[in-house]
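In structure tokens, the next block holds one chain alone, the form predicted alone.
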């Protein structure tokens, strides 16, 4: 006679201590869970709503400057160190973990136009309206020592932009021309001009380190190779670009911040039209900086907001603003990809979370698993209308809300007019121009 006996391994369901969570056996057969999708949808909806409830991106305000913050610089080796330069020539070094200023120095007369930390992190460079380039020690001077620059270079014209090479003792400045300097010499080793009266910014490529790009006053973006004697090529747009930033992960791509309220991501090999046009701002975009992952970038605008864009999306995923924040002049994304730093007109530097609803600090294992589970559910149901509506909704200041509405009306009117003209013209007389091609005038090689 056969007797069937249930045989269980106690390790599968017995707790090791009475403080452990009860182990629950789970059968993953979908036929046994007919309402699983409905249950998961409800959880995804709740997770999306809770994300909006807990979205509190603003962390701290660093005040101490006596004039508008004009430029920021990240330390290349220290996450918690930030440098800022203001419109009265003052430079401050901040400790972000303590959220306090550790050093102040009067670097220039007039504006501090640009700052950059050397790749090794031992010193930093500043440029100002007094036509000088100064190199400063990163360490605070000891007791009795004077706050003096290591080197001072007097230029012939005002410098407007500055960037340092990623691997060598070479830096670039721009003003009336783009100059390449060796740290050991007081005159530029190479100068580039291309029929332009002034440049607003210059930036080295972090991957292909000999390439650099600059934005010029004739509405053009010019690309250079440091090893060549002449610029490579330039693209002329309908309006002027204020600054550009290279993607730190993909060497060919860069994004420029334009006066026409948009940002444009280009492939430097094909400048005939941008890869993506990023729209949402309602005033000139003044600065842009990439996340270290290369997947997103943050932009600062004259419309008093900060926006975070995915690199391949036309619209922002996040917008940050406060009542007190005025025109945002400079922006930086921290090297650990978790924080964003902005400098604005009303003398404050603000620290924001890159992910608005992220919980900071040490997470318990169960907490982390719950967050990961919620994230996966939100991704699974992200295209469902109800969830997408809640995830995308943002409260905007009244002025920006109305300006956005007005811009949309103007755009629709232009499109309607163009369609009417095309309808009453000969076939092919009014060609269809895509949004990407509208903003590029020509490419010069």
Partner chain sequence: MESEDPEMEREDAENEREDAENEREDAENEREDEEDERRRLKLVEAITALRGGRKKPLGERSEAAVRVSEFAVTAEGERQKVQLSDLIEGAQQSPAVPTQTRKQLQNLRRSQKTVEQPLSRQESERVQRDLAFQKAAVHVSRWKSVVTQNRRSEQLVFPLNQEPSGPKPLEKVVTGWRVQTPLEQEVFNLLSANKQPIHNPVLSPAEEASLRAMSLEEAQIRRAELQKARALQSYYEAKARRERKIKSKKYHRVQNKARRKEFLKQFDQMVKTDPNGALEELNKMELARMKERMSLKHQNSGKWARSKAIMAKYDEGARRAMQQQLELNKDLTQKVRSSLSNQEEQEDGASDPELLPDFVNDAEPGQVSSNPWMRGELSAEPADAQRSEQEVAAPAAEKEQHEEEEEKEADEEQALLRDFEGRRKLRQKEEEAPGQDVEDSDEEEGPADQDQEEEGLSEFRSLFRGVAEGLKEAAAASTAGCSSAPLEGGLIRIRTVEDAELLPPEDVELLPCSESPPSAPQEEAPPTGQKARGSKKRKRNIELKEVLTKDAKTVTVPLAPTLTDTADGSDEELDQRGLIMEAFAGDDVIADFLRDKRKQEDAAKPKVVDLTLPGWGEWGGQGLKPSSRKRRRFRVKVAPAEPRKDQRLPGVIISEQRNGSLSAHQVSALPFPYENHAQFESAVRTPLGRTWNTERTVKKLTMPKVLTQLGTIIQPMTEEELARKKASAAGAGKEDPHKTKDQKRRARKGRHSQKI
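Positions refer to the first chain, counted from 1. Every value quoted in this text rests on a predicted model; they were computed, and no experiment measured them.
What comes next is about the form predicted in complex with the partner chain, which is not displayed.
J.: Partner absent here, but in the predicted complex, which of 263-271, 340-348, 84-92, 175-183 has residues with a heavy atom within 4.5 Å of the partner chain?
T.: After filtering at 4.5 Å, what remains is 263-271.
J.: Just to confirm, residue 28 within 4.5 Å of the partner chain in the predicted complex by heavy atoms?
T.: Yes, contact at 4.5 Å.
J.: So in the predicted complex, does residue 204 come within 4.5 Å of the partner chain, heavy atom to heavy atom?
T.: Because no heavy atom of residue 204 falls inside 4.5 Å of the partner chain in the predicted complex, the answer is no.
J.: Using a 4.5 Å heavy atom cut-off, state whether residue 51 contacts the partner chain in the predicted complex.
T.: Heavy-atom contact with the partner chain at 4.5 Å: absent for residue 51.
J.: Can any non-hydrogen atom of residue 39 be found within 4.5 angstroms of the partner chain in the predicted complex?
T.: Residue-level check for residue 39: yes, a contact with the partner chain.
J.: Counting any non-hydrogen atom inside 4.5 Å, which residue from 104, 198, 322, 166 sits next to the partner chain in the predicted complex?
T.: Of 104, 198, 322, 166, the residue with a heavy atom within 4.5 Å of the partner chain in the predicted complex is 166.
J.: Select from the listed residues 130, 147, 259, 358 the one whose heavy atoms reach within 4.5 Å of the partner chain in the predicted complex.
T.: Partner contact (heavy atom, 4.5 Å) among the options: 358.
J.: Check, residue by residue, if 228, 295 and 335 all come within 4.5 Å of the partner chain in the predicted complex, counting heavy atoms only.
T.: Judged in the predicted complex, 228, 295 and 335 all sit within 4.5 Å of the partner chain.
J.: Though the partner is not shown here, which residues of 375-390 have a heavy atom within 4.5 Å of the partner chain in the predicted complex?
T.: Result: 375, 376, 377, 380, 381, 383, 384, 385, 386.
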